[in-house]
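Here we start with a single chain on its own, the form predicted alone, put down as structure tokens.
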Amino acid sequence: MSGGVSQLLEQIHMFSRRCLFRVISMGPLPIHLAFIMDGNRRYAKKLGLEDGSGHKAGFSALMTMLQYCYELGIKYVTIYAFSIDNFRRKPEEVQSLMDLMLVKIKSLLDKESIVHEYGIRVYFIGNLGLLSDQVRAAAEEVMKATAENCRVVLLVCVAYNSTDEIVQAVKRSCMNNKADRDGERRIQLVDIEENMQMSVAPEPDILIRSSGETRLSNFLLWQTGSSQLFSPGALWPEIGLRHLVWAILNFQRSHSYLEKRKKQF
């Protein structure tokens, strides 16, 4: 009996969500959403949970958010999964996060995973050489396995920060550009942009950072000059449909202004 009721409630919830998304789709929709998933550790501490439980809850919140984005027709989603600066945390905490990351990356290869269900192509963006051999190999396997998917693109920024991305792009631009007759290498803006790892996606329309923080924390500094920022007070595992809808409604309200700003650059 209880199973039938829960199934009915789920169907009602899904129908209501589809109706809501249909109304929202009458206005301009973002092509690219970026998330700074902040507050996993605070969530675990708030509920008195053991270490790592907050990150597991955060992964579940991410899967739900990907489902919403797919249903809305949002093409690109970028997440800040692990910063280069996070390697400065306690070694046992870093190792715990790497172990969890390995499990979650491998789970993306399961036939029942959301990646296969929704045809998601996965990119791992960052200095992957800083990862353990196992995590790096798993990330490369997922990228290879999803290379033919094209419905949604998920960009996972891991061992990443924007400063490193820019430095590496400049280095590659210098290596790829031949010296002129005066022996100088002339680097244009387009050279750097083409060598950015994030060049596989357009610039984010909305950057959402949970837990009420308004800092970018060295994330997508090059790409977010015209992005709309949204900072709900909810911790990342608490993030939900209402936060996404509110972010998109604010985007729609400011869309004409943001488009004018983009044309000025």
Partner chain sequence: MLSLRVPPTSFNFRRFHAGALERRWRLGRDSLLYFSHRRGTGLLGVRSAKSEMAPFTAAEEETLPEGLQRELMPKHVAVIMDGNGRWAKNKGLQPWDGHRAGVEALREIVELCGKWGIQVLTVFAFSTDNWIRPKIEIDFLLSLFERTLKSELETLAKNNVRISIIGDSSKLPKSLLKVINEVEEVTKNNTRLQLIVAVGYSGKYDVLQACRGIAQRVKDGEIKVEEIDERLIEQELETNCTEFPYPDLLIRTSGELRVSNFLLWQLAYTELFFAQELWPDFGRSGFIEALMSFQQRQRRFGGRKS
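Positions refer to the first chain, counted from 1. For clarity, every value in this text was computed on a predicted model and none was experimentally measured.
Form predicted in complex with the partner chain: not shown, discussed below.
**Q** Would all three of R41, Q188 and E193 be in contact with the partner chain in the predicted bound form, where contact means some heavy atom lies within 4.5 Å?
**A** So, yes: the whole triplet contacts the partner chain.
**Q** Of these, 26 to 34, 64 to 72, 214 to 222, 236 to 244, which stretch puts a heavy atom within 4.5 angstroms of the partner chain in the predicted bound form?
**A** Heavy atoms within 4.5 Å of the partner chain in the predicted bound form occur in 214 to 222.
**Q** Indicate whether the partner chain has at least one heavy atom within 4.5 Å of a heavy atom of E148 in the predicted bound form.
**A** No, E148 is distant from the partner.
**Q** Residue-level question: is K111 within 4.5 Å of the partner chain in the predicted bound form, judged on heavy atoms?
**A** K111: no contact with the partner chain in the predicted bound form.
**Q** Using 4.5 Å between non-hydrogen atoms, is S254 touching the partner chain in the predicted bound form?
**A** Taking the distances in the predicted bound form, the answer for S254 is yes, it comes within 4.5 Å of the partner chain.
**Q** Looking at the partner-bound form in the predicted bound form, is D164 within 4.5 Å of the partner chain by any heavy atom?
**A** The answer is yes: D164 has a heavy atom within 4.5 Å of the partner chain.
**Q** So which of N177, S107, S96, Q134 reaches within 4.5 angstroms of the partner chain in the predicted bound form, heavy atom to heavy atom?
**A** Contact check passes for N177.
**Q** Which of these residues, V170, L100, M143, L130, gets a heavy atom within 4.5 Å of the partner chain in the predicted bound form?
**A** In short, V170.
**Q** Note that the partner chain is not shown here; using its position in the predicted bound form, name the residues of 88 to 125 with a heavy atom within 4.5 Å of it, in sequence order.
**A** Heavy-atom contacts to the partner chain in the predicted bound form: R88, R89, E93.
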